[in-house]
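Consider the single chain below, provided in structure tokens and representing the form predicted alone.
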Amino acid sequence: MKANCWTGRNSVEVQDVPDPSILNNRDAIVKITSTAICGSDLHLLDGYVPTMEKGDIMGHEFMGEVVEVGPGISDGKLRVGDRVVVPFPIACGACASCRAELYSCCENTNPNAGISEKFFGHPTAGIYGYSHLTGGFAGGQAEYARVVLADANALKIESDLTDEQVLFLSDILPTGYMGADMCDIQEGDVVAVWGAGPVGQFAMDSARVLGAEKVIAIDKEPYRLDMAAAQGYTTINFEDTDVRSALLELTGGRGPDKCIDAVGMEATHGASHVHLYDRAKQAVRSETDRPHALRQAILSCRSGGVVSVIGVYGGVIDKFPAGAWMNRSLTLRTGQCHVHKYMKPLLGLIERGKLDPTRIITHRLPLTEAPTGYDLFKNKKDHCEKVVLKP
């Protein structure tokens, strides 16, 4: 089969690879009908996530048709011909974390738990196409994929919704929604979102659905800010505006009630000297991540507010404003998305017309052009916001 493979830093290539097979009696094989390039994939491309190996199949946002099921899966759970969306974290459905709906912290699905534990203190769940740190599982930017423990990790789509309406239930729509959900949004709240990429756009949509009075989008790319403005959100371009000052002005001097970091480890800063400081720290391996958005969110949030972090961080950061966090009674919430928890409720919102995930799609390409898609997305060419690939 054809698959998009990591071939080195800043390099991916569509290659012929062996077809997947069932390894566990609860596995299934899915013929992929749609897959996508995620902002998190760029962290792999850029070399910020360790343990990638040449030939690893990329991609953790995918859906398709079940073509084979393991003998341990009953007909009532999953059968050949079912149309499914696959969540990016792999959950066993039975451990303490899964029972608590902390699916991305599953204790049983990462075969490289020892490596993960050394990085994070405790192991995390397996993730498709996201390095050997998260299990080394083959990803979904391919013609076929093995769905691990499929009876716990595949959402059946039984309506006539298109692939593009439901594909993002695999990751970025639940991630954006979880970012807003962790904010505990109350009537009248002002919510600021750092990052107007796909996850940031969905965090904004979710904040509005959950009752925010005003949503503010912070980014530097005019086309992303225009996309947010078209939805009625207030926008701030951090390249020509001091973000904290603008937020204070928009909130009567108090700051936003809730702040969402939808950027993560590769943030940039409007002030070149600040940006260069963190790039230099990365270059000498004194920090792994650039936490500009996180610092700014903490310093901008009103006292007693909530800072919700859904942008991916992978290691250590410098100059974390712990004093502001502690002395101003801020609540900091974060996590890789517990996708399984949100898939069915969000599917219902899509069916009722409350959310339109298709609004962020700007580019549709065949799988064979995946490297072009990565180039467009990483370098923000042609106003690229989201790339969907078709095998």
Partner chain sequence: MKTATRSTSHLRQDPLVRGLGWASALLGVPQVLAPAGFARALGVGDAFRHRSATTAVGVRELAAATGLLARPHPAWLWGRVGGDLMDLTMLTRALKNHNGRGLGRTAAATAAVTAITATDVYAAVTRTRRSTPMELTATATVAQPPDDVYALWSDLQRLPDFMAHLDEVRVTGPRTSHWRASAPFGKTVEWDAETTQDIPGRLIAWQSVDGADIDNAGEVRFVHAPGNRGTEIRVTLRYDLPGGALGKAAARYFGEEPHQQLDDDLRRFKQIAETGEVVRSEGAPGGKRARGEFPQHPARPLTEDELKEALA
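Numbering follows the first chain given and starts at 1. The model shown is predicted, which means the values in this text are computed figures rather than measured ones.
There is also a form predicted in complex with the partner chain; it is not shown, and the following applies to it.
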{"query": "The partner chain contact at T109 in the predicted complex, heavy atom, 4.5 Å", "finding": "yes"}
{"query": "Exercise: V49 in contact with the partner chain in the predicted complex, heavy atom 4.5 Å", "finding": "no"}
{"query": "is_contact(R26, the partner chain) in the predicted complex, heavy atom dist at most 4.5 Å", "finding": "yes"}
{"query": "Contact label in the predicted complex: G55 to the partner chain, heavy atom within 4.5 Å", "finding": "yes"}
{"query": "Option from 129 to 137, 191 to 199, 291 to 299, 227 to 235 whose residues, in the predicted complex, bring a heavy atom within 4.5 Å of the partner chain", "finding": "129 to 137"}
{"query": "Every residue of L167, G314 and H340 near the partner chain in the predicted complex, heavy atom within 4.5 Å", "finding": "no"}
{"query": "The single option of A267, I216, V148, I185 touching the partner chain in the predicted complex, heavy atom within 4.5 Å", "finding": "V148"}
{"query": "Contact assignment for the partner chain in the predicted complex, among L78, V309, V243, I115, heavy atom within 4.5 Å", "finding": "I115"}
